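First, one chain by itself in structure tokens, the form predicted alone.
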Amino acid sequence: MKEISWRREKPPLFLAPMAGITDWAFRLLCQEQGCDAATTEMISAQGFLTAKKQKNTYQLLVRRAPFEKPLLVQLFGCDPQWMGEAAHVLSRMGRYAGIDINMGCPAKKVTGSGSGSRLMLDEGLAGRIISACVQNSLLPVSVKMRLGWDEEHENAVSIARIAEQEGAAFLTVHGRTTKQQYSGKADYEKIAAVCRAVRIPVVANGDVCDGESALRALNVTGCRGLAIGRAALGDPWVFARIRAALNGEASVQPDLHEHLQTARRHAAYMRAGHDERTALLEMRKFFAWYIKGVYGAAEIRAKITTAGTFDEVERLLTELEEKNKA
């Protein structure tokens, strides 16, 4: 299984996990553009272990496409036993480069059960979960977290030290608290404090959206890698642009034709993994992202949301491209 390279002259670019987004189809498109490693959508440890193994939902979540670059599988949960057992099973599938523990998701449906970033409020439990995963996994274990729960509970440095002590291989830190969700700006100075506190690699996450922000994140934090999430929505080329900037090279922004061709390939991947109706429903949001900011996109986007077939969507995309040629 391919491993993550931590060469300082070429810091790895990660595709951050996003629920309902980072399936194998989207990961492949990002990897084609220079993404060095990716993470699956988050998977419930207990749900995975108790679901019928033929259940399509979990089969899709744990799927790894041929030729994918290093892929981490992300687990969430608040019970060390469930988390350790899930890490044990998944690490033996021969598909992944590592097990990633979700201590960063701010969604209420996740934190409400005591999982995700809620774990940062209980450092003892966080440590036991990391230990259980490390002890039961054949693969390296990493932790994705935030700065803390809120301004009064910014304990990323403490959690990072615990993770290192319990055997975590590396950390990914989103530069916001749970309370902030995705508002405000990611605080790279506070990620820098985490980098100084531990010897294991730290990946910076939050507001990395182009070459300028990538260079700033690396310089301010002293991190060993970068994780890109929302900036890749409808724009897998963001990885190529960032890599070019890190190499001191110029990059070219793809035109509308390339955006639409990539959207079509994305749809083809989706249709290969889902029934036609599900694929169409899943692709609607992606089509909207691919055409964002284009002249006439609002009208086409509205029509795509009610389109009943991919043939109808194709006609709409062709109409949009012709309109922008005029």
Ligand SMILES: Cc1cc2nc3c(=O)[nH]c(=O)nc-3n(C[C@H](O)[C@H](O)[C@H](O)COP(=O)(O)O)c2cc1C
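We number the residues from 1 along the sequence you see. Predicted, not measured: the structure shown is a model, and the values here were computed from it.
As for the form predicted in complex with this ligand, it is not shown, yet the points below apply to it.
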Using the partner position in the predicted bound form, report whether residue 25 sits within 4.5 Å of this ligand, counting heavy atoms only. no
Are any of the heavy atoms in residue 88 no more than 4.5 Å from a heavy atom of this ligand in the predicted bound form? no
State yes or no: in the predicted bound form, is some non-hydrogen atom of residue 77 no more than 4.5 angstroms from a non-hydrogen atom of this ligand? no
Although the partner isn't part of this model, could you tell me whether residue 236 comes within 4.5 Å of this ligand in the predicted bound form, counting any heavy atom of the residue? no
Select, from the options 225 to 233, 161 to 169, 195 to 203, 248 to 256, the stretch whose residues sit within 4.5 angstroms of this ligand in the predicted bound form by heavy atom distance. 225 to 233
Students should find that, of 137, 102, 131, 177, the residue having a non-hydrogen atom no more than 4.5 angstroms from this ligand in the predicted bound form is 102
Contacts from 19 to 37 to this ligand in the predicted bound form (any heavy atom within 4.5 Å), listed N to C, are 19, 21
